[in-house]
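Here we start with a single chain on its own, the form predicted alone, put down as C-alpha coordinates.
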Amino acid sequence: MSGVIVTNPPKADAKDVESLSGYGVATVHEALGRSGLLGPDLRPIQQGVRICGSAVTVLSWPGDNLMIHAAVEQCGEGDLLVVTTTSPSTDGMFGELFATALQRRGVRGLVTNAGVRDTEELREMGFPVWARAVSSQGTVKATGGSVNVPVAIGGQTVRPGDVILADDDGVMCVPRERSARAVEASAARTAKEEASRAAFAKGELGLDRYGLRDTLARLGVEYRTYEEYAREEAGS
(Lines give C-alpha, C1' and ligand atoms only; values in the text may rest on other atoms or scores of the structure.)
Protein backbone atom coordinates (compact mmCIF):
# COMPACT_ATOMS: atom_id res chain seq x y z
CA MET A 1 0.00 0.00 0.00
CA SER A 2 1.46 3.35 -1.04
CA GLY A 3 0.05 6.65 0.11
CA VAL A 4 0.27 10.39 0.36
CA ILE A 5 0.69 12.99 3.09
CA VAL A 6 -1.23 16.15 2.22
CA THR A 7 -0.05 19.34 3.90
CA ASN A 8 -2.04 22.48 4.76
CA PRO A 9 -5.56 21.36 3.75
CA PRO A 10 -8.39 23.91 4.03
CA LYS A 11 -10.21 24.10 7.35
CA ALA A 12 -13.52 25.36 8.67
CA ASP A 13 -13.45 28.86 10.12
CA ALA A 14 -11.96 28.74 13.62
CA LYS A 15 -14.78 30.93 14.99
CA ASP A 16 -17.35 28.42 13.74
CA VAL A 17 -15.45 25.56 15.36
CA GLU A 18 -15.41 27.36 18.70
CA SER A 19 -19.10 28.21 18.42
CA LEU A 20 -20.02 24.59 17.65
CA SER A 21 -18.10 23.45 20.72
CA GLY A 22 -20.93 24.94 22.78
CA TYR A 23 -23.50 22.50 21.41
CA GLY A 24 -23.99 18.79 21.97
CA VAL A 25 -23.68 16.19 19.24
CA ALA A 26 -27.41 15.41 19.36
CA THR A 27 -28.31 19.08 18.93
CA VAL A 28 -26.04 19.67 15.94
CA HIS A 29 -27.04 16.34 14.36
CA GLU A 30 -30.73 17.25 14.59
CA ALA A 31 -30.11 20.82 13.48
CA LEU A 32 -28.46 19.58 10.28
CA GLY A 33 -31.36 17.34 9.35
CA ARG A 34 -30.23 14.29 11.34
CA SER A 35 -27.00 13.97 9.38
CA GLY A 36 -23.31 13.54 10.09
CA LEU A 37 -23.18 10.86 12.81
CA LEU A 38 -20.21 8.49 12.55
CA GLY A 39 -22.26 5.56 13.87
CA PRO A 40 -22.95 4.03 17.29
CA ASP A 41 -19.73 2.01 17.51
CA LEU A 42 -17.48 4.93 18.51
CA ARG A 43 -17.61 5.19 22.30
CA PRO A 44 -15.75 7.51 24.69
CA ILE A 45 -13.20 6.09 27.10
CA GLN A 46 -14.15 8.93 29.51
CA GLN A 47 -17.40 10.57 30.57
CA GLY A 48 -18.58 14.15 30.75
CA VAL A 49 -16.23 15.48 28.06
CA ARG A 50 -17.12 17.37 24.87
CA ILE A 51 -14.57 18.35 22.25
CA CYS A 52 -14.74 20.07 18.88
CA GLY A 53 -11.91 20.52 16.42
CA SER A 54 -10.67 20.43 12.83
CA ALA A 55 -10.07 16.95 11.45
CA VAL A 56 -6.63 15.67 10.59
CA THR A 57 -7.37 12.34 8.91
CA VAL A 58 -5.32 9.16 8.84
CA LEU A 59 -5.77 6.07 6.68
CA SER A 60 -3.67 3.19 8.01
CA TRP A 61 -3.13 -0.47 7.36
CA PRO A 62 -4.75 -2.70 10.06
CA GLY A 63 -2.39 -3.37 12.93
CA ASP A 64 0.05 -0.72 11.71
CA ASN A 65 0.37 2.76 13.26
CA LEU A 66 3.13 4.15 11.06
CA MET A 67 0.83 6.78 9.56
CA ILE A 68 -0.24 8.06 12.97
CA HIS A 69 3.40 8.93 13.56
CA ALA A 70 3.40 10.75 10.21
CA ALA A 71 0.16 12.54 11.09
CA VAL A 72 1.52 14.01 14.33
CA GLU A 73 3.73 16.31 12.28
CA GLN A 74 0.67 17.62 10.42
CA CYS A 75 -1.31 18.39 13.59
CA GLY A 76 -1.59 21.78 15.25
CA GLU A 77 -3.55 23.83 17.74
CA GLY A 78 -7.26 23.06 17.69
CA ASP A 79 -7.00 19.94 15.55
CA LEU A 80 -8.57 16.57 16.26
CA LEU A 81 -7.03 13.36 14.94
CA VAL A 82 -9.35 10.99 13.04
CA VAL A 83 -7.92 7.53 12.34
CA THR A 84 -9.35 4.67 10.29
CA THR A 85 -7.95 1.53 8.66
CA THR A 86 -8.26 0.02 5.20
CA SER A 87 -10.19 -2.92 6.64
CA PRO A 88 -11.75 -3.53 10.09
CA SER A 89 -9.27 -3.61 12.96
CA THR A 90 -9.50 -3.52 16.75
CA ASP A 91 -5.76 -3.52 17.49
CA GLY A 92 -4.54 -0.98 20.04
CA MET A 93 -3.00 1.48 17.59
CA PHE A 94 -2.91 4.47 19.94
CA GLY A 95 -1.80 5.04 23.53
CA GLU A 96 -0.42 7.58 25.97
CA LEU A 97 2.86 8.18 24.10
CA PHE A 98 0.97 9.39 21.04
CA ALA A 99 -1.29 11.46 23.29
CA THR A 100 1.73 13.10 24.90
CA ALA A 101 3.08 14.17 21.51
CA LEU A 102 -0.32 15.41 20.35
CA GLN A 103 -1.05 17.36 23.53
CA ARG A 104 2.23 19.18 23.04
CA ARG A 105 0.94 20.33 19.65
CA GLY A 106 -2.44 21.49 20.95
CA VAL A 107 -4.50 18.59 19.57
CA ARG A 108 -7.87 18.26 21.32
CA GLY A 109 -8.45 14.51 21.08
CA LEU A 110 -8.70 11.35 18.99
CA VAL A 111 -11.50 9.61 17.12
CA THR A 112 -10.77 6.15 15.69
CA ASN A 113 -12.76 3.20 14.50
CA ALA A 114 -9.84 0.98 15.43
CA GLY A 115 -8.56 0.25 18.96
CA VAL A 116 -6.74 2.17 21.68
CA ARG A 117 -4.91 1.21 24.85
CA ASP A 118 -3.44 2.93 27.95
CA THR A 119 -6.95 4.15 28.69
CA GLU A 120 -6.28 4.84 32.37
CA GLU A 121 -3.29 6.97 31.47
CA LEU A 122 -5.24 8.77 28.75
CA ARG A 123 -7.96 9.69 31.24
CA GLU A 124 -5.38 10.86 33.77
CA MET A 125 -3.77 13.03 31.08
CA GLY A 126 -7.11 14.54 30.16
CA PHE A 127 -6.71 13.47 26.53
CA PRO A 128 -10.20 12.59 25.23
CA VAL A 129 -10.64 9.54 23.00
CA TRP A 130 -13.53 7.98 21.14
CA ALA A 131 -12.79 4.50 19.78
CA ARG A 132 -14.37 1.38 18.40
CA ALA A 133 -12.41 -0.89 20.74
CA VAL A 134 -10.05 -1.00 23.69
CA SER A 135 -7.27 -3.54 23.15
CA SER A 136 -3.75 -4.18 24.39
CA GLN A 137 -2.88 -5.82 21.07
CA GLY A 138 0.27 -4.18 19.76
CA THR A 139 0.98 -2.93 16.25
CA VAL A 140 3.87 -2.54 13.80
CA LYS A 141 5.23 0.38 11.76
CA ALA A 142 5.74 -1.18 8.36
CA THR A 143 3.13 -0.16 5.79
CA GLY A 144 2.48 3.10 3.99
CA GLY A 145 -0.83 4.91 4.19
CA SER A 146 -2.19 8.42 3.88
CA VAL A 147 -2.68 11.57 5.94
CA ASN A 148 -5.20 14.33 5.25
CA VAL A 149 -7.22 12.48 2.64
CA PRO A 150 -10.98 11.78 2.79
CA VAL A 151 -11.79 8.75 4.94
CA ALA A 152 -15.01 6.85 5.62
CA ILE A 153 -16.29 6.05 9.12
CA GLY A 154 -19.76 4.80 9.91
CA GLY A 155 -20.97 5.47 6.39
CA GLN A 156 -19.86 9.11 6.56
CA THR A 157 -17.04 10.78 4.69
CA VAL A 158 -14.65 12.83 6.82
CA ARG A 159 -12.35 15.22 4.99
CA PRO A 160 -9.35 17.03 6.42
CA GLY A 161 -10.50 20.34 7.88
CA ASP A 162 -14.07 19.20 8.50
CA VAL A 163 -15.41 19.89 11.98
CA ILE A 164 -15.54 16.93 14.37
CA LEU A 165 -17.76 17.19 17.45
CA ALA A 166 -17.74 14.45 20.10
CA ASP A 167 -19.36 13.94 23.49
CA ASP A 168 -20.96 11.19 25.57
CA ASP A 169 -23.61 10.66 22.86
CA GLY A 170 -21.14 9.93 20.08
CA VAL A 171 -19.24 11.62 17.27
CA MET A 172 -20.37 13.63 14.26
CA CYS A 173 -18.80 15.41 11.32
CA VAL A 174 -19.82 18.80 9.97
CA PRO A 175 -18.49 19.49 6.44
CA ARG A 176 -16.18 22.49 6.61
CA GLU A 177 -18.23 24.53 4.13
CA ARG A 178 -21.36 24.01 6.27
CA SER A 179 -19.81 25.11 9.57
CA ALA A 180 -21.41 28.57 9.60
CA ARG A 181 -24.80 27.09 8.72
CA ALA A 182 -24.36 24.50 11.48
CA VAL A 183 -23.78 27.26 14.05
CA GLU A 184 -26.89 29.11 12.94
CA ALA A 185 -29.07 26.00 12.86
CA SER A 186 -27.79 24.75 16.22
CA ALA A 187 -28.57 28.09 17.88
CA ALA A 188 -32.11 27.97 16.51
CA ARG A 189 -32.55 24.37 17.63
CA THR A 190 -31.29 25.22 21.12
CA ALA A 191 -33.73 28.12 21.43
CA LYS A 192 -36.58 25.86 20.36
CA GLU A 193 -35.58 23.20 22.89
CA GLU A 194 -35.33 25.76 25.67
CA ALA A 195 -38.87 26.94 24.93
CA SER A 196 -40.16 23.36 24.94
CA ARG A 197 -38.30 22.60 28.17
CA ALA A 198 -39.96 25.56 29.88
CA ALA A 199 -43.37 24.47 28.59
CA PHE A 200 -42.90 20.88 29.76
CA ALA A 201 -41.79 22.12 33.18
CA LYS A 202 -45.15 23.92 33.43
CA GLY A 203 -47.03 20.72 32.57
CA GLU A 204 -47.70 21.08 28.86
CA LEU A 205 -47.69 17.79 26.96
CA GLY A 206 -45.72 17.07 23.84
CA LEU A 207 -48.95 15.77 22.29
CA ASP A 208 -50.33 19.31 22.42
CA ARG A 209 -47.18 21.36 21.90
CA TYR A 210 -46.22 19.45 18.76
CA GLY A 211 -49.77 18.97 17.45
CA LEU A 212 -49.47 15.20 17.72
CA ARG A 213 -53.12 14.53 18.57
CA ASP A 214 -53.97 15.24 14.94
CA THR A 215 -51.19 12.90 13.88
CA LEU A 216 -52.58 10.10 16.04
CA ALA A 217 -56.06 10.65 14.61
CA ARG A 218 -54.74 10.68 11.05
CA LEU A 219 -53.01 7.37 11.69
CA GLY A 220 -56.22 5.85 13.06
CA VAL A 221 -55.07 5.61 16.67
CA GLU A 222 -58.14 5.80 18.92
CA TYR A 223 -58.72 6.29 22.65
CA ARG A 224 -60.67 3.66 24.62
CA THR A 225 -61.47 3.38 28.30
CA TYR A 226 -60.24 0.21 29.95
CA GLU A 227 -63.80 -1.14 30.13
CA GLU A 228 -64.37 -0.44 26.42
CA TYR A 229 -61.09 -2.09 25.49
CA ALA A 230 -61.85 -5.13 27.67
CA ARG A 231 -65.28 -5.60 26.08
CA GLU A 232 -63.86 -5.32 22.58
CA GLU A 233 -61.11 -7.84 23.35
CA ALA A 234 -63.62 -10.23 24.93
CA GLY A 235 -65.82 -10.02 21.87
CA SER A 236 -63.04 -10.55 19.34
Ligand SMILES: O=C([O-])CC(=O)C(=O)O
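Keep in mind it's a predicted model, so treat the numbers as computed, not measured. From 1 onward, residues are counted along the sequence shown.
The following text describes the form predicted together with the named molecule, which does not appear among the structures shown.
query: Given that the named molecule is left out here, which of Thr84, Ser146, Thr139, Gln74 has a heavy atom within 4.5 Å of it in the predicted complex?
result: Only one listed residue qualifies here, and that residue is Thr139.
message: So, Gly95 and the named molecule: in the predicted complex, are they within 4.5 Å at any heavy atom pair?
response: Judged by the heavy-atom cut-off of 4.5 Å, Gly95 is in contact with the named molecule in the predicted complex.
- request: Using the partner position in the predicted complex, report whether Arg132 sits within 4.5 Å of the named molecule, counting heavy atoms only.
  value: Answer no; every heavy atom of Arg132 is more than 4.5 Å from the named molecule in the predicted complex.
field: 4.5 Å heavy atom contact, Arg108 and the named molecule in the predicted complex
entry: The answer is no: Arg108 has no heavy atom within 4.5 Å of the named molecule.
query: in the predicted complex, does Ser54 have a heavy atom within 4.5 Å of the named molecule?
result: It does not: once the named molecule is placed as it appears in the predicted complex, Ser54 has no heavy atom within 4.5 Å of it.
query: Among 148-156, 162-170, 76-84, 115-123, which stretch has residues with heavy atoms no more than 4.5 Å from the named molecule in the predicted complex?
result: Within 4.5 Å of the partner lies stretch 115-123.
query: Since the partner is left out here, which residues of 60-79 would have a heavy atom within 4.5 Å of the named molecule in the predicted complex?
result: Contacts from 60-79: just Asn65.
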